[in-house]
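Shown here is one chain on its own, the form predicted on its own, set out as structure tokens.
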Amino acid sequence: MRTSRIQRRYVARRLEILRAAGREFRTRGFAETGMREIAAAADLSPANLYNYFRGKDEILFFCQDSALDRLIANLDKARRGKMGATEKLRSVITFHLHCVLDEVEGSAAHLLTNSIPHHLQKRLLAKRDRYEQGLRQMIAAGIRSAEFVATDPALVTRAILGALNSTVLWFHPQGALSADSVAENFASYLIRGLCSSRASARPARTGRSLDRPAANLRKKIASKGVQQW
């Protein structure tokens, strides 16, 4: 019992550090933020901080890993639900946006993905692939049930994820729009396009599907220096 309490306190403290680090990354920039600044923001001594994280790369990895775990858990829950494809997709979109806009560590992680060392990125990419594949299957199910228009699920999935994650580049908590408002409006806009009666009146364009191995797509993206979702 005592061991479990100690473990819970340890995990809770790591999350506090995570949020403090996320704020510093967004304010100062990842390159300009050192462990000393993170320690001060988390109200710890630099020496004590190293009891929780070995370096800022590990903190950033934990940011991304934690955000992906939440996204995957919510997606799995939505897919098991008894609601229709439209409401399932709405719940995933709104949760995703709250994850990256409301949670400091989530937004910092999505802004700074390419700052994570390669050996840690590989572990995260597996989770990203799982999340993308799950969302793609949800959209494909909506197409089969005729809730969504006939289209390429891979194309739609990447368009949605790109739109959602781009919000961290311009959203400001003290801006004109709240995270709730952005989430609801994005969900309505993206779903309305997928369910468009006008789009259903004409066939989707055929051609090469985007449903090809993610690893090949990443190599092409990386060669051009473009950030992935």
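Since the structure is predicted, the reported quantities are computational estimates derived from the model, not experimental observations. Basically, rigid core = biggest C-alpha set you can superpose within 1.5 Å across the two forms. Residue indices: 1-based, along the sequence shown.
Although not depicted, the form predicted in complex with the DNA is the subject of the following passage.
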{"query": "One residue of 168, 190, 35, 163 in contact with the DNA, assessed in the model of the complex (non-hydrogen atom, 4.5 angstroms)", "finding": "35"}
{"query": "Residue 13 within 4.5 Å of the DNA in the model of the complex, heavy atoms", "finding": "yes"}
{"query": "4.5 angstroms heavy atom contact with the DNA in the model of the complex for residue 45", "finding": "yes"}
{"query": "4.5 angstroms heavy atom contact with the DNA in the model of the complex for residue 51", "finding": "yes"}
{"query": "Option from 168-176, 66-74, 182-190, 51-59 whose residues, in the model of the complex, bring a heavy atom within 4.5 Å of the DNA", "finding": "51-59"}
{"query": "Rigid-core frame, C-alpha of residue 63, shift of 2 angstroms or more between this form and the one not shown", "finding": "no"}
{"query": "Shift of residue 165 between this form and the one not shown at or above 2 Å (CA, core fit)", "finding": "no"}
{"query": "CA of residue 187, rigid core aligned, shift of 2 Å or more between this form and the one not shown", "finding": "no"}
{"query": "Change in CA distance between residue 8 and residue 74 in the model of the complex, which is 3 Å or more, as closer or farther", "finding": "farther"}
{"query": "Residue pair residue 77, residue 9 - Cα distance in the model of the complex, closer or farther (3 Å or more)", "finding": "farther"}
